[in-house]
Ligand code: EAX
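Quick heads-up: it's one chain on its own, the form predicted alone, in structure tokens.
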Amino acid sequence: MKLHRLAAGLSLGLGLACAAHAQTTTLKIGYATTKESHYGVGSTVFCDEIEKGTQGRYKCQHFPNSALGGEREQIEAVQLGTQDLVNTSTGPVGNFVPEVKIVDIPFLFRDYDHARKVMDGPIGQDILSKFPSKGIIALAWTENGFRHMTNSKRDIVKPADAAGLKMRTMENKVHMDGYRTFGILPTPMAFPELFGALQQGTVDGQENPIPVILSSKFAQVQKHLSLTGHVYSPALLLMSPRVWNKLSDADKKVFVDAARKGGEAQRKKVNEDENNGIAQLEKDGMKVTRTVDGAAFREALKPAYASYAKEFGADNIKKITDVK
């Protein structure tokens, strides 16, 4: 009798364990850089919070280093439902949700404090609300950082120094229109192809935040770094509606809260990389130009700003610049 009860108990325990295991859904999350980068740090915190908040019913499998393709391809996959999550810069997002493009305007944000207040405030939250109608769920803003120019030819202090340089850019018309006013020859290219293109001299330079320059080891293929800070590059945690629509309201809250915590961790890592990374890049052999003629860059940008005002509305741009 006792043996029978013991066997029944073991059988029930195994059944429950199997049921619990069967209920675990593993979500695929992709991003362009390493697991140790700011994207990896933000994504890890997000995923840990999901697992904790859903008692292990949801967990993540990470695909760093563009293992699932470039950012544009990953956003498409999330939209199609073949990928669950992506932590992406806004660079290619404007091709899917045009309202995002306004935050890519060069020299729009004064500093990190200004940028983060805009993203976390009514303007940023209103942009997030535009995603579902395009077949994408935007869980929260994360961060990539202020973009700086690197190249293999010369120091860049003013726009004239950048003139004629073939510079890899994202597939982002707002960025490219701005860079053309500096005399740069913008060359759109998917991020996974960039290191090889710099190595082979297909392009002279690129522009990215310090955390990306560090984690991608661009110091190996670029001699000059200029701290132009010409564009603030936000990022986003995007989710497939295919997964989102299956979640209970309680789980949806867990995912949004987890995304916000992931965004905070990502920003913290950006701060750390900004504070320590420039010295590291110098150690790695890069020549760093710290003092850049920002006024000359802004002056050169005036023709582009006229077209931005037409495209986005001067009032909408002013709303962002007025945030204190």
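Predicted model only: the values in this text are computed from it and were never measured. The numbering used is simple: start at 1 and walk along the sequence shown.
The form predicted in complex with this ligand is left out here; the points below concern that form.
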Completion exercise
The one residue among Met149, Met170, Leu238, Val231 placing a heavy atom within 4.5 Å of this ligand in the model of the complex is Met170
Practice task
Answer with one of Phe191, Phe131, Trp141, Phe182: the residue that has a non-hydrogen atom within 4.5 Å of this ligand in the model of the complex.
Solution key: Phe191
Practice task
Check, residue by residue, if Ala32, Glu71 and Asn208 all come within 4.5 Å of this ligand in the model of the complex, counting heavy atoms only.
Solution key: yes
Practice task
Find out whether any non-hydrogen atom of Val212 is located within 4.5 angstroms of this ligand in the model of the complex, and reply yes or no.
Solution key: yes
Exercise for the section: Given that the partner is absent here, state which listed stretch (57-65, 32-40, 278-286, 253-261) has heavy atoms within 4.5 Å of this ligand in the model of the complex. Expected result: 32-40
